[in-house]
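Read the single chain below, which is given as structure tokens and is the form predicted on its own.
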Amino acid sequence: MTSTLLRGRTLSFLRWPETVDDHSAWLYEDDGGLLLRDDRIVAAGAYAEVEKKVDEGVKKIDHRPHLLLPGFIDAHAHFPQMQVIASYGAELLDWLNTYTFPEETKFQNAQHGRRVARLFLDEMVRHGTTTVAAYCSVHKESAEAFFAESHHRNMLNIAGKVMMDRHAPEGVLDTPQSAYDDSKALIAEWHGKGRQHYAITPRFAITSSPEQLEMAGALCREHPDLHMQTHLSENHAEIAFTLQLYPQASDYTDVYEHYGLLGRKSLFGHCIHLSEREADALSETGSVAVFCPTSNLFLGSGLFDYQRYRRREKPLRIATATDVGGGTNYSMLRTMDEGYKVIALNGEKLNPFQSFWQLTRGNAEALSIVERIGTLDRGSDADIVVLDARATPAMRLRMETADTLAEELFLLQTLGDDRAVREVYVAGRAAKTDMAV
């Protein structure tokens, strides 16, 4: 049994912060302590109090004056798309056909999948993300590569083999039956192994036939504890094509409803152009709308109406995500910076406490795993990020005039990137330092 005592300024959230003065929404210690034992937080609070609980000889690490928060959570990313990030000039459907699908054919090669899985999780850790909900490619080998690498690092990640049997090149197609069989085998091998979680992953309605969506629904019924992830209402051309393919559906969301894919562990990427009926359907089933601001801006898809979705009579559960490689950065700090701008373009604002709630507890709640991650509570998994608001010359200069925690958080969100991430603990282990060695 190994124990470590971390010291620094600690910040963790109890609920959504209504304003920057809503102090009861978070726990902040100017001189805080976190006692880690193996992979869990066993004590948290003022450093002087936590230190009283440690045995002699415990390893002590002083991160002052930096901030210690729960590790960031990314609710939607495509690990096979690392080599298509920053590809020029296409909207969603052209982008998939021109860049994404050809790239994903490479993942037939298991060695390629292992290399990219390692590099992808390196980037997650480098940017302070300790949990990601990842899409693999259609190939079973890609999911095996991802889970093997994630398990080796003892990360809590959610992932699944993409299901897609039409409207794509031969090299990235499966069949309804093979998708079902491969998913069943991966669930048996990986779900619940260590900290791994499997997600049933039909890419989206355009690339799945009705027969395949039937299989996805069957998997959801057979494994009600699993996540389901797909895409919904990202782009006007996508919506129109979907309704051509499913003429019996009243709207895009109705396609997924028909096959039993809505629910509290169902993650729908994008959800930009929802009708009120669709938003009601998501709300009533507890389904999650995943906000991917850098991707939505880069592909010109539209502006996610974050605050309206939260405030409507039937509010939506919302997560945020990078959506790499349509998204333009692996950093959840950069994601929330762009998210702030999207929300501002809709005539609203997101205060910095709300942003950091969303990156941590908010995303953990949306992914239905807040009992494990997303807080610094006693008993929580010891996934922690250490942030330095003076990481660059520009940040140091700005910090000379930042007088409040809210200003510091907003500075981190606006100017921060992987350089602001001083250390990352994954299940109690210093992962960024280990990665750099």
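As the structure is a prediction and not an experimental result, all values here were calculated from the model. The first residue of the shown sequence is 1; numbering continues from there.
The form predicted in complex with a small molecule is left out here; the points below concern that form.
Only one of 121, 220, 96, 319 comes within 4.5 Å of the small molecule in the model of the complex through a heavy atom, and that residue is 96.
Just one of 161, 231, 227, 127 comes within 4.5 Å of the small molecule in the model of the complex, counting any heavy atom, and that one is 231. Interface residue remark: residue 81 is counted as part of the site for the small molecule in the model of the complex, having a heavy atom within 4.5 Å. In the model of the complex, at least one heavy atom of residue 299 sits within 4.5 Å of the small molecule. The small molecule in the model of the complex comes within 4.5 Å of no heavy atom belonging to residue 183. At least one heavy atom of residue 295 is located within 4.5 Å of the small molecule in the model of the complex. Annotated contact segment (heavy atom within 4.5 Å of the small molecule in the model of the complex): 201-209, selected among 187-195, 239-247, 201-209, 306-314.
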